[in-house]
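Okay, here we've got a single chain as structure tokens, the form predicted on its own, with questions on binding and movement later.
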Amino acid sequence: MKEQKLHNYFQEVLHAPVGRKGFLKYTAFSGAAVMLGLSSCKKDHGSGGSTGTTIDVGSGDTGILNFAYALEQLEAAFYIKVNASFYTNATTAEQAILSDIMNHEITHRDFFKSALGSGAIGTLQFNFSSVDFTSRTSVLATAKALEDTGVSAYNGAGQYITSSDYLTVAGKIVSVEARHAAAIRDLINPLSADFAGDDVVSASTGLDFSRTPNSTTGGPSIVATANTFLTTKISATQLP
């Protein structure tokens, strides 16, 4: 019965428009059915735990969703700060783009928090001291790094999701994140091929690169990159 309620919830989300209003409509009534459903999944082994100032995201599908939730918390917090006081000489068009991205990230964050229920990790604390929010260059470079990291993280973790419902929702979210990445890249280098540069899209396959949470191939891991902006550190020791 619990699994059926969870399945029904995700089915409604799968067929909803991807957008702030659509996601908020479903996060508003997820409630106990989702919390009970996630806690009963046989392949999920809890939401991890906290050691000092480090939070482990856990294992199985719940761990992967918590990993995504941590990244969405980070992105939402960054764009909220960007929109609180735009960088110097930000155009109206740039402000509109950054506002839309903020709204999407807040929606993604709230979706995961609601879907995970009692299995969710806590609210993270952030450290954006390395970002000059008055500088267009600094803000957009950070946005580019976060968006590119997010897309590759979803692509890398998706192969380990066992629930088809979770996988489809993750696919819908990563497609939005990829749109964000392209928009930011176009702001940095307008009307160029960099919107899908060969540093993020394989020239041989035409596919986005993917990285698992702890992979250090090609540079610091996704976890390490996220932790540079976190006071509350995360770990993914129980994920691939």
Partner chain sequence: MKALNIIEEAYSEEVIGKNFSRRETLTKGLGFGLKAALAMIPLGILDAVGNKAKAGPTNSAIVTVLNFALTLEWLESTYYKMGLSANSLIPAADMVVFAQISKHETAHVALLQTTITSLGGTPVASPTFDFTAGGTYSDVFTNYQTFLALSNAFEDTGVRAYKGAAPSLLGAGAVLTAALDIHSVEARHASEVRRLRGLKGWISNAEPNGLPPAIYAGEDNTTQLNINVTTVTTAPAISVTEAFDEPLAMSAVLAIAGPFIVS
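Numbering follows the first chain given and starts at 1. Because the structure is a prediction, the values reported are computed rather than measured.
Beyond what is shown, the protein has a form predicted together with its partner chain; the following relates to that form.
With the partner left out here, its partner chain still marks one of 119 to 127, 84 to 92, 165 to 173, 133 to 141 in the predicted bound form; by a 4.5 Å heavy atom cut-off that stretch is 165 to 173. Although the partner is absent here, Ile55 is not a contact residue: none of its heavy atoms lies within 4.5 angstroms of its partner chain in the predicted bound form. Interface membership of Tyr79, defined by any non-hydrogen atom within 4.5 Å of its partner chain in the predicted bound form, is ruled out. Shown alone here, Ala145 lies farther than 4.5 Å from its partner chain in the predicted bound form, counting heavy atoms only. Its partner chain is not drawn, but in the predicted bound form it has no heavy atom within 4.5 Å of Gly60. Contact annotation for 171 to 187: residues with any non-hydrogen atom within 4.5 angstroms of its partner chain in the predicted bound form are Gly171, Lys172, Ile173, Val174, Ser175, Val176, Ala178, Arg179, His180, Ala181, Ala182, Ala183, Arg185, Asp186, Leu187, listed in sequence order.
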